[in-house]
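First comes one chain, alone, set out as structure tokens in the form predicted on its own.
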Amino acid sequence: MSPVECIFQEFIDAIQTATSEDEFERVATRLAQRLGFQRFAYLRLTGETPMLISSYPKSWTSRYFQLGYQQLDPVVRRARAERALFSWGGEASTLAGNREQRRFFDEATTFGIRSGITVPIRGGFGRMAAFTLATGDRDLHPERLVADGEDLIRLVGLHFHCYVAARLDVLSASTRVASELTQRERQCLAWIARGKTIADIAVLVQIAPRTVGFHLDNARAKLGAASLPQCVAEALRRGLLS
């Protein structure tokens, strides 16, 4: 196995255990550094709220979104229009784009983001994401790495995107459902999980059986379950019942 293949395998092993944004950030930061880059960024644009996981300086990312730079950023614009991995930045960036875009590149350089490689990732309904490895090092030439390891870098970007979607989106959905379930709905479900009947629960929580059924039906609908046993199993799977 070549050194680059070893780096990729280490990345795959590590990302399979990541379950939070911080853990995904650590995995991708280590990968970037192993490949000779200083930083990475994963930007996903779906709807009105962009998602960013990156090792870029927080002062830069805050300014980036505050000023709406995702609409101006030449790298994001190119990632929207193209499907193939590409390199960017360096001396060429001072000559490319309009004055506003050149000023953007100059500003990014002051935060240690001078050049890099970006993997465009396309989704349905106009959704897109981009995985970027970046550096402020003048002596690093990303285009050479593209020539030597294009397939591996593309795989890294796609794997990162898929694992983030599979892990963080599910956690986000679970958190959202948990906040949508009322305390009474969770309470009734918890009693069902312990084997109590609707009549038992009505006595335990001192409400009418019909009201117990109402809360359970609401919980079942929110969890997309066809039956109470399935509803309980789904709630347990998502960690909604303590």
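No experiment lies behind these values; they were computed from the predicted model shown. Each residue number is its position in the shown sequence, starting from 1. Definition used throughout: the rigid core is the maximal C-alpha set that superposes within 1.5 Å between two forms.
Below, we turn to the form predicted in complex with the DNA, even though it does not appear here.
Original post:
Looking in the predicted complex, any heavy atom of residue 49 within 4.5 Å of the DNA?
Top reply: Contact with the DNA, no.
Original post:
Is residue 215 one of the residues lying within 4.5 Å of the DNA in the predicted complex, judged by heavy atom distances?
Top reply: So residue 215 counts as contacting the DNA.
**OP:** Evaluate residue 208 for contact with the DNA in the predicted complex, applying a 4.5 angstroms cut-off between non-hydrogen atoms, and reply yes or no.
**Re:** Contact check for residue 208: yes, within 4.5 Å of the DNA in the predicted complex.
Original post:
With the partner left out of view, is residue 198 within 4.5 angstroms of the DNA in the predicted complex by any non-hydrogen atom?
Top reply: Yes, contact at 4.5 Å.
**OP:** With both forms fitted on the core, give yes or no for whether the Cα of residue 228 moves by 2 angstroms or more between the shown form and the other one.
**Re:** Where the cores coincide, residue 228 still shows a C-alpha shift between the shown form and the other one that is 2 Å or more.
Original post:
Given a CA distance change of at least 3 Å, are residue 16 and residue 230 closer or farther in the predicted complex?
Top reply: Closer together, which means the C-alphas of residue 16 and residue 230 are at least 3 Å nearer in the predicted complex.
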